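What follows is one chain in structure tokens, specifically the form predicted on its own.
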């Protein structure tokens, strides 16, 4: 799954990472952001919704389908599996009409760890990002929900898939990170090529680096660059190749 990520670039840097793709900035959708080093579900973040002209706007992480009776369902719908996203009732209509992308500087995942000598097991948090620190664009779906008094709630979910080889020893799932040449295809449901869009939901084939980080990221109350700083303890022994202490 994908349960935490970071976003600390400026709106200008985020848009620039799309290499000239025409984006309609919807009001305050990409207004200057407070850097977030520990984005957790229910937090509002920038997204770009698909359409004839992709539109940037803020949405809350955790999908609330338009037909839901209780918006609390969003707490359980932060991810959608790529293998079943076109079949599940909560997602299948959104695949056809409401695709979006979610910018991130990196994401966190937790690796199961068995202490030496049969000691207590636990989980070690890792931070995963582009070695060049490029913005990563996650494939997502969005929807609009209205309360009884007609208040609107815009939400999204992040699609996950099998892990790329570089991070497979950390966790069995990862967010779908779209390649640059696939972003526009994902964002143009109006062109009707749903099969081609679904074919994009594959493990990332670009470069990734991962390293162990502090347990402070476990609490969503912590929002500091220290969340993504390399761990200083011996847990670093599990670092992926190419990363030194």
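Numbering follows the first chain given and starts at 1. Source: prediction; values computed, not measured.
Only in words, not in the display: the form predicted in complex with the DNA, which the text now covers.
- Among residues of the shown chain, residue 40 is one whose heavy atoms approach the DNA to within 4.5 Å in the model of the complex.
- Contact between residue 147 and the DNA in the model of the complex is not found at the 4.5 Å heavy atom cutoff.
- Taking non-hydrogen atoms only, residue 91 approaches the DNA to within 4.5 angstroms in the model of the complex.
- Although the partner is absent here, residue 220 lies within 4.5 Å of the DNA in the model of the complex, judged by heavy atoms.
- Out of the listed residues 141, 78, 167, 104, 78 is the one that sits within 4.5 Å of the DNA in the model of the complex by at least one heavy atom.
- In short, of 60 to 68, 186 to 194, 45 to 53, 199 to 207 it is 60 to 68 that has heavy atoms within 4.5 Å of the DNA in the model of the complex.
- Interface residues of 161 to 190, taken as those with a heavy atom within 4.5 Å of the DNA in the model of the complex (partner not displayed): 171, 172, 173, in sequence order.
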